[in-house]
Ligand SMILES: Cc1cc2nc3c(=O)[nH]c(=O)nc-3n(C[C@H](O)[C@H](O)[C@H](O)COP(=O)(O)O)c2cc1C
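Starting off, we have a lone chain in the form predicted on its own, written out as structure tokens.
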Amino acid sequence: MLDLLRKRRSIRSFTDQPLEPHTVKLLVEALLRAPSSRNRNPWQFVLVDDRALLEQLATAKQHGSEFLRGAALAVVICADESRSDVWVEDCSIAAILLQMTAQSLGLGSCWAQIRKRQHDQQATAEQFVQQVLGLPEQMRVVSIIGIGHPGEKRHPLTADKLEYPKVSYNRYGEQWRRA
């Protein structure tokens, strides 16, 4: 698992190669195995591979969703907020498990934050995605994960680039010293 974490980078450029059905099945299994608080499973997932819908989703927010245009698959991570008070956290766990599974399958992925982002002056990114995909109002959208065969090579961060000063030991501000 640590090797996957070391190699995983946000990939925003994809090849034109589609995903095989068995690969999509594995990605869906990873989503549905995601843990959730009190096993409430408030999440819902919308798989999008329709080129016209991907084009629309690529404009979901003002900056940072353009890469969805080239993805083989976009997974919209959403939840019925009435099912759990920690739906955001539950969706985030599912999203990162999806990304790590994609990495393990040799695929690239990138997270597009939707919650608390603007589409334009009149609508939030969430409202835009709800409208494009026909989601009911109570179905809240956290993010969209774009997945595909990598069209770019990104090198892992070296250990010296990690932000070790952000790790305290026993008490906040007491610096953890790595051996």
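We number the residues from 1 along the sequence you see. From a predicted model like this one, the values you see are computed outputs, not experimental measurements.
The same protein has a further form, the form predicted together with the named molecule, not shown here; the description that follows concerns it.
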Per-stretch contact check against the named molecule in the model of the complex, the hit in 62-70, 27-35, 122-130, 47-55 (non-hydrogen atom, 4.5 angstroms): 62-70
Close approach of residue 15 to the named molecule in the model of the complex, 4.5 Å, heavy atom: no
The named molecule contact at residue 112 in the model of the complex, heavy atom, 4.5 Å: yes
4.5 Å heavy atom contact, residue 154 and the named molecule in the model of the complex: yes
Heavy atom of residue 168 within 4.5 Å of the named molecule in the model of the complex: no
Residues in 4-20 close to the named molecule in the model of the complex, defined by a heavy atom within 4.5 Å, in order: 8, 9, 10, 12
